[in-house]
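Okay, here we've got a single chain as C-alpha cells, the form predicted on its own, with questions on binding and movement later.
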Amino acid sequence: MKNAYRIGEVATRTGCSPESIRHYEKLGLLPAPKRSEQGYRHYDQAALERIGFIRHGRSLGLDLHSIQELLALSDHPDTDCGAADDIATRHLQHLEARIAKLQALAAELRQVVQQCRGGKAADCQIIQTLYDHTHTCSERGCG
C-alpha cells in the first residue's frame, strides 16, 4: 500500500495516541482503515488530515459530537455551512459564559487572598471563606 501508515506512525505524526485513534474509529469520526494481511490498520493521508481536524477541534474546546457534525459537513462540501456557523456560535457562547464564571471566581479568590497575608491558620480568611460556602452555593449552586 502506497502512503499507508500504521497506527504507531499515525500517532507519532499527529500527536494523537493510538487509543484515541481507535476511539475515533469506534465513534465513526474516522472511517475504518484498510487492513494488511496480518491485520494491521493502514491509514492514508486523508485519515491523518482528519485526525488533525479532530485534534484542532478538541484544542478549540469542541466536544466530539460537534466535531462529528462538522466532519459530516466537510464530507459533503456542497452542503450549506449554516450548520457549521450554528455550531461555532453555540460553542462561542458557551465559552464566553464559562469565561465570565471564571472571571467571577478569580475576582472572589483575589479578594480572599488580599484579606489574608500571614498569621495563624485559626485566623486565616482563606480557610474561613472556604468554610462559609453558603454565599457561593446560592449564587452558583453546590456541587
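Each residue number is its position in the shown sequence, starting from 1. For clarity, every value in this text was computed on a predicted model and none was experimentally measured.
One more form of this protein exists, namely the form predicted together with another copy of the chain; it is left out here, but the text below deals with it.
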Interface membership of Tyr40, another copy of the chain in the predicted complex, 4.5 Å heavy atom rule: no
Close approach of Leu27 to another copy of the chain in the predicted complex, 4.5 Å, heavy atom: no
Under a 4.5 Å heavy atom criterion, is Pro33 part of the interface with another copy of the chain in the predicted complex? no
Going by a heavy atom distance of 4.5 Å, is Asp132 a contact of another copy of the chain in the predicted complex? yes
Residues within stretch 54 to 90 having a non-hydrogen atom within 4.5 Å of another copy of the chain in the predicted complex: His56, Gly57, Ser59, Leu60, Gly61, Leu70, Leu71, Leu73, Ser74, His76, Pro77, Asp78, Thr79, Asp80, Cys81, Ala84, Asp85, Ala88, Thr89
